[in-house]
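Two forms, one protein chain; structure tokens for each follow separately as structure 1 and structure 2.
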Structure 1
């Protein structure tokens, strides 16, 4: 729906979104005001309310869009290869995080986005339930939804750690870590039980 918006509307929304992101990275989310956002975006105060109900609404849109893009990229990379390659998938995830690091720093920095983090875990878990067939071991005492939730929450914890450590090691190395530490160990636990 937003893709059919007037280009001026898209530009204004982008300016407001970018202003919010830069302000949150400079100071605490709770200290950011609509006046700060509109001043940074160089738009009139009233313009904010033509596009968003509140700062929370703006933040949720920013994070929601970025996370939706990540989910689409993960699903697309799995679909392209035909068979999931966890190391390549992991490298791809961390390359994307590297490109959108400001967005993900906000996701982990702000306590006000806890509901969105839960939504991310649910969405990631659903992807792993669809794409990770080894989780379906009929003899396993670990239910598929538990294993896929474990992968999702572990991935978010690993991303947060990586951002806190200045995105070191490289995205490629993180792909290997993701495969070995999260995917292989979870599949190993499911298949051995």
Structure 2
């Protein structure tokens, strides 16, 4: 029924996506050209333009699909009443990242060039806003959106650090760090001050 049903289209898009992923993992995102991608995908140059506006758009599709699952998982675990167990939640997050580490390396390698990082921050921030809002104290000098933005950016920074550090502390250790350094300390700052 859908336009995407054509198997030729699905095949071509998959080839282009896979080609971009493998290219980013082996060199700078900025130095990947459309010609590189189509050559790697074994597809005609012009075919790229029949499917995507730009490399950024192709990348966006790759990451949107890949991150959607993680977002859902974070949202599901934080949506429960008042952040039930941030440590376990954090463990799951880092285990998920461990599984799909390639995808996240790509995110940080290219986070760079696109408005993509801001997009991810906005999505994450919206999720954590639900965690922060009920705890909000009207005397607090910290606005809710500052707190949720802080959690979102800190989580991304922690993930990036972990990947750069070859995922050295275990996922469950990172879960503890996530709980203590990001969640609990932010909640503490919002409720107390």
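From a predicted model like this one, the values you see are computed outputs, not experimental measurements. Residue numbers count along the first chain shown, from 1. Whichever C-alpha set is largest while still superposing within 1.5 Å between the two forms counts as the rigid core.
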Quiz prompt | Number of the structure representing the form predicted together with the DNA | solution = 2
Quiz item: If you line up the core, does residue 135 shift 2 angstroms or more at its C-alpha between structure 1 and structure 2?
Solution: yes
Quiz prompt | Displaced residue check between structure 1 and structure 2: residue 16, CA, 2 Å or over, core reference | solution = yes
Quiz item: Treating the chain as two rigid parts, how many degrees does the smaller one rotate relative to the bigger one between structure 1 and structure 2?
Solution: 17
Quiz item: Quick one: CA shift at residue 53 between structure 1 and structure 2, core fit, Å?
Solution: 3.9
Quiz item: Core-aligned, what's the Cα displacement of residue 44 between structure 1 and structure 2 in Å?
Solution: 5.8
